[in-house]
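Structure 1 and structure 2 below are the same protein chain in two forms, each given by itself as structure tokens.
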Structure 1
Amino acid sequence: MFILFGVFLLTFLIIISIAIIRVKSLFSAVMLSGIFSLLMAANFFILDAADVALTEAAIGAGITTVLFLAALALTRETEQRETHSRVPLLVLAIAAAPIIFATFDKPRLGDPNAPVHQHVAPWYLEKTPELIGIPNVVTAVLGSFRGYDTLGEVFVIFTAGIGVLFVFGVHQRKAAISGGELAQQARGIRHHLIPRIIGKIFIPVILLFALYVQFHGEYGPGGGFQAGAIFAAGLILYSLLEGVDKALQKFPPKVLPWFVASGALLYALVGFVCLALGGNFLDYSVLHSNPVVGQHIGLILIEIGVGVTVFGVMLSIFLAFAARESK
């Protein structure tokens, strides 16, 4: 069954990719890339990476599609004709050949004797319950054992947010496209009454789900990255239905940079507090007299940091595009 699903999904993935390259209508391309992301999410899911799947579905299929649609509202709907050069194809072939060559000696997927499963992974599986005391090993690795990488990733997202704010900025009164217009321009839906009402019902559910994902990370797939993205998706949906103007009133642009910055800062400060209490940087064990409780406190704090920054950056990026003056 597993093989069958895998082959089916991957074949479909290739077909969709070719379709994205060949299709001339940009709107179709955006929709197809949404499907591409959903397929990727399904792929991740059957490989037991549920948290990655969740992120891919929320960001890849959800927010990215919305961002593309917002961008489409500012440009044309069909691709401009241009002569395609063969150089990218050549580069692709040159890059792909060695990867295929490399797979001949690679261990089989899921082989218990593969080095990947023999070295650090068993240690994580064995020690997590004792050292961190949570059932989700992925969260333990991301948040604690390799928490420094995750700190880095949060700052990658922070940097992206800074970049968008620097280049585009988010302006209060310049919003020229209302949600209705955006929906019409982008999707050509004339009767948008039904999506509007259904959407409105969905928003509180989405926000609540985001909170659940945020605080569920230790027990199952979830955590700050996914939660921040889902929360932002809820508000983006709101601004699509009610208009960017109205969303900007609810969420004044002056507040956004605070969200972008405070999450990343919180994460870094947790690291410094650990230092001040006598541990190494990001050593949460010193946060409480009981090291395991200390780890819990640390994980919850950094996950909040992650969630806040991801939410702030996602919303900033959306508003920076959607609230641009259309010419």
Structure 2
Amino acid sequence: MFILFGVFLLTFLIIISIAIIRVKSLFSAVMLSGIFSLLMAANFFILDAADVALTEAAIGAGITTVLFLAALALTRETEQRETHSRVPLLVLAIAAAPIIFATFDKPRLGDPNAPVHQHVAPWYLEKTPELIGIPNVVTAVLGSFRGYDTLGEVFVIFTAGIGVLFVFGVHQRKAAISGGELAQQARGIRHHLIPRIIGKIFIPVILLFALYVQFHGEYGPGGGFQAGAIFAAGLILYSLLEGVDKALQKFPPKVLPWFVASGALLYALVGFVCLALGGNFLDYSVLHSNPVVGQHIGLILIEIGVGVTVFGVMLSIFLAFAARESK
């Protein structure tokens, strides 16, 4: 049954991929991309990668779809006429060939003799309860054992957010939009009864679930990345219902960059505090007399930093797109 369901999902993914390539309507392509991400989330879930599934559902199927729709509002609805050039197809074939060739050396799914199951993974599974003291090994690996990698990923997100703000600039909105268009965007879709009622019910639940994912990441699927994305998704839904103006009143453009920067700085600051207390960078054990408690304190702090930066970047990117003048 597990294999049949996996084959069913992969077959649908292939069909949707072909449809995305062939469809001319950009709106249809965006909707199909959202469905693709939702199926990928289901695929990750049946592979027991619940953390990745949660991230894919929140970012891939949720926020990315909204961002594409916001970008679509700035351009035409259909794809430009094809140039019939063979160069893109040739580049795609050259890039795909080594990737396909490399898959022949991959171990089969669930192979207990795969190299990853012989060295690193058993050590993580054995040492996490002793050294970190939390049941979620994924959080222990990402936040503690490989804290440097995660810090680098946070700064990549931070840099991406700064780049988007630098290019689009949320503060230009009032000068770019005026008259009827401004009134329409300020109104949002609140005049529609059903979306307004559903939004009022779901937005508090989404925000509460984001806090649960944020502070429950040590014990189950979740963490700062997922929580920041879910929290941003809740406020993006609020912006769609009530209009961009109200969203900007809640989170003014001058405040959002502080969210983007403060989370990454909090993460790095935890590392420097560890150094000041005589430990290694991001060695949270020195944060408390009990090393395991110190690990808990460090993980909570860096996860808050990750969540704040992801939330700030996601919301900033959405408002940067949504606040621009349509062409």
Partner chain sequence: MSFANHVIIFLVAVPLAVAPVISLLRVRHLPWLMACITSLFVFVLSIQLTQSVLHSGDVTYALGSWPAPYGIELRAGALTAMMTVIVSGVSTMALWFGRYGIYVEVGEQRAHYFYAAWMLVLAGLLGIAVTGDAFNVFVFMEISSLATYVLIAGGPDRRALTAVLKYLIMGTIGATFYLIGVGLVYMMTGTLNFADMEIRLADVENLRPVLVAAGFITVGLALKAAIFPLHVWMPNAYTYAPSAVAVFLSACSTKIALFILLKFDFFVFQKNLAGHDVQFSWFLMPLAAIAIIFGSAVAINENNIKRLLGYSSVAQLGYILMGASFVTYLGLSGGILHIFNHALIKATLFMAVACVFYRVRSAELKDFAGIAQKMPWTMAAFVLAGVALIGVPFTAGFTSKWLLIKAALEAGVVGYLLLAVVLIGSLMALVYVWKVVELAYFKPATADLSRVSEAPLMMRIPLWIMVLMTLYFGIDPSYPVRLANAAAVSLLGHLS
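Keep in mind it's a predicted model, so treat the numbers as computed, not measured. In this text, rigid core is short for the largest set of C-alphas that superpose within 1.5 Å between two forms. Numbering runs along the sequence of structure 1, starting at 1.
- Between structures 1 and 2, only structure 2 derives from the form predicted on its own.
- The rigid-core alignment places the CA of residue 106 2 Å or more apart between structures 1 and 2.
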